[in-house]
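A single chain, nothing else alongside it, follows as structure tokens in the form predicted on its own.
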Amino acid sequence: MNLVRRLVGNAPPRILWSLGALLALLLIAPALLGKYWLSVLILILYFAYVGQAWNILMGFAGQLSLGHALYAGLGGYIAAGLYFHYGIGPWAGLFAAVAVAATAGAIVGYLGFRFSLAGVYFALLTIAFSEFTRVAFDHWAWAGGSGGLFLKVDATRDIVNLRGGPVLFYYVILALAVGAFILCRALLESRLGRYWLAIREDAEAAQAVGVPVLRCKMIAIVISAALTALAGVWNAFYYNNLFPETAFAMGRSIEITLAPIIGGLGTLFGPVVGAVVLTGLGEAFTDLSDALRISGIKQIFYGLALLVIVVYRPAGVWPWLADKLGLKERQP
């Protein structure tokens, strides 16, 4: 009961009712939407989820990572490889996937934080690890090398082996997105969350008043890496293929960061709103590109969207939207 009260806090009843109604709509969405719009909604939930995972490290703890594809790629390859070679189901394989990704996050974090790398220097470290891993997987036969790793496509609904159609994967990513939202809310309301915010604002001042800065940063990157690995597992079994040049690509890392940046760093609803904006408009521009037979429109849109947000809404879309709607989310 205390946990529920802590999660709810002083949120107005209308916000709670709105969230309940939204969740109810999401639960029945597959019965209301066609295949195309269901696939769009799946993408929105995916980017909302990975955005929340990245937001823990950057939005809450203030540590810029541009190599989060490392954790998604490791999670996907480990779980998919165990299933492909040994028949170990994804629900068992995800424990190994999360453990490997969390260990990788701990290594990156320790090397960066122990030697006081911050800002762009820490970001370059995360990019370097992602690139090193991409090259390694390019030459690792167990993972399929540069030729990729392919899982057998099976439309039969099998929740144990995570085999089935879009509806099955929709409910899995919905559960992950809702779980990540609740976890982030709990973290923000915890002592650890307050430590993160103090570190984000001024790490030296936080250290001076007794905040265990190194330990808190390490916890942030390990949690963020572990959650991102879960997204990698989901992604591998949803698309049934993995290639090093895409799984660990810089572009994948940038995609992970866009939703919280556009929606609002350090906010709970920012990654969700950012995912809706970017995925919805991105799909519209993809259709326009196909109709006009002009490539690159989607990429241009992402660049322009970031430029517009930085210039006109530096805090993100959600804080501005919340103010217009009279919804006050506590700004971390």
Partner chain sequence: MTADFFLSLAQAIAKGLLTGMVYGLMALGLSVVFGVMRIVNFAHGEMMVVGMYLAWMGFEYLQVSPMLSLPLIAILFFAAGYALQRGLISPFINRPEHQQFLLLLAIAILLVNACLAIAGPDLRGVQMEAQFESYELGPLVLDAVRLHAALTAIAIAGLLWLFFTRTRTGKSIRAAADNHTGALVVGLDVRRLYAFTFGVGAACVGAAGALMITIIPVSPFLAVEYTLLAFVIVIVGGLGSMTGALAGGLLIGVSEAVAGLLLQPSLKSMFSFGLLILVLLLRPQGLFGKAGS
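Numbering follows the first chain given and starts at 1. Please read all numbers here as calculations on a predicted model, not as lab measurements.
We do not show the form predicted together with its partner chain, though everything after this point is about it.
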In the predicted complex, A141 touching its partner chain (heavy atom, 4.5 Å): no
Looking at the partner-bound form in the predicted complex, is G296 within 4.5 Å of its partner chain by any heavy atom? yes
V135 within 4.5 Å of its partner chain in the predicted complex, heavy atoms: yes
Answer yes if any heavy atom of Y121 is within 4.5 Å of a heavy atom of its partner chain in the predicted complex; otherwise answer no. yes
Whether L117, L125 and L258 jointly form a contact site for its partner chain in the predicted complex is the question; each needs a heavy atom within 4.5 Å. yes
Answer key: of A236, A247, I262, A180, within 4.5 Å of its partner chain in the predicted complex (heavy atoms) is I262
Which pick from V277, L268, I42, L66 sits with a heavy atom within 4.5 Å of its partner chain in the predicted complex? L66
Heavy atoms within 4.5 Å of its partner chain in the predicted complex: which stretch among 219-227, 160-168, 127-135, 72-80? 127-135
